[in-house]
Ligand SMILES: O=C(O)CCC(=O)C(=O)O
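In structure tokens, the next block holds one chain alone, the form predicted alone.
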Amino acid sequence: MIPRFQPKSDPAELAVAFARDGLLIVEDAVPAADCDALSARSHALIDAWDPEEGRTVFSTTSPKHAADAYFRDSCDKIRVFLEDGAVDEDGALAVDRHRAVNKLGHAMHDLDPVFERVSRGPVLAGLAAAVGLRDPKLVQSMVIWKPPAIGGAVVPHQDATFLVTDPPSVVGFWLALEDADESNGCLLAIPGGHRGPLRQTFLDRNGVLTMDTLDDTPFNTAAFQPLPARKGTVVVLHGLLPHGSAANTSDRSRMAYTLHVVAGSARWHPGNWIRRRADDPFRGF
């Protein structure tokens, strides 16, 4: 059974569990009021969104978004990405905008004060220190929407595929803004799977975002375990840990906030799709 911790758990115990499992489940890490504030702010951003700015569908099963400038230029912005099935043949929204969203991204932590306050709070900073991140830099953030009935699956992957450093250093902090369970698409992961190789890298190759295979060893699909999480739970994910989630076919949403952090001591690959101008560098907690 995967152990569960509290924010004030012994950092040494957290470090041991993270080294063994490649993940931590920390319950009651973020107050319900903060979760509600992030959810409310997310809905306000959708209310203010003009669909004419872009209607890019984000899908891990059919990643056509990688060729879209609206996606490629979102690393230092807050943009709206839609679910597959949310747009009709004429490009118009086929469902209510709040049920059409796949995610918001990718600089919530820097551009929105509500998200910045939670992202740079003492709990996440303490967890980053406990798992050994040196000179942590916050590089990417997303609100994963998972709307009822339409919320798409996230295929098994490793975060180090998409945020490449030498040595690999990315750590994901996944915050449940709502209760997540197997019925509405909670996280799935392979405990201990971080000890396997990095399978792929997603890098800019001469202006084209390209997925390169480094090791074709398949993930052991039978080893994936569900990680149900109550609202306010933070799941910390090693960058090499295989994880994903099933589609949300329930009548409940499953909103979550994800923050990715890398070690400032590691070399940031110049081909990463997440980039910042020299006058707008990555910052820490």
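Not measured: the values here are computed from a predicted model. When you see a residue number, it is the position in the sequence shown, counting from 1.
Same protein, other form: the form predicted in complex with this ligand, not shown, and the subject of what follows.
Visitor: With the partner removed from view, which of 203-211, 131-139, 109-117, 153-161 is the stretch that lies within 4.5 Å of this ligand in the predicted bound form, judged by heavy atom distances?
Guide: Of the options, only 153-161 has residues within 4.5 Å of the partner.
Visitor: Heavy atom within 4.5 Å of this ligand in the predicted bound form: which of L177, L187, V80, I190 fits that? Just give me the one.
Guide: Flagged contact: L187.
Visitor: Could you spot which one of V123, V95, I144, C75 gets a heavy atom to within 4.5 Å of this ligand in the predicted bound form?
Guide: It is I144 that has a heavy atom within 4.5 Å of the partner.
Visitor: Is the gap between S42 and this ligand in the predicted bound form 4.5 Å or less for some heavy atom pair?
Guide: Flag for S42 set to no.
Visitor: Tell me, yes or no, whether T258 is in contact with this ligand in the predicted bound form, where a contact means a heavy atom of each within 4.5 Å.
Guide: Result yes; T258 sits at the interface with this ligand in the predicted bound form.
Visitor: Hey, in the predicted bound form, does S245 get a heavy atom within 4.5 angstroms of this ligand?
Guide: Although this ligand is absent here, S245 would touch it in the predicted bound form, with heavy atoms inside 4.5 Å.
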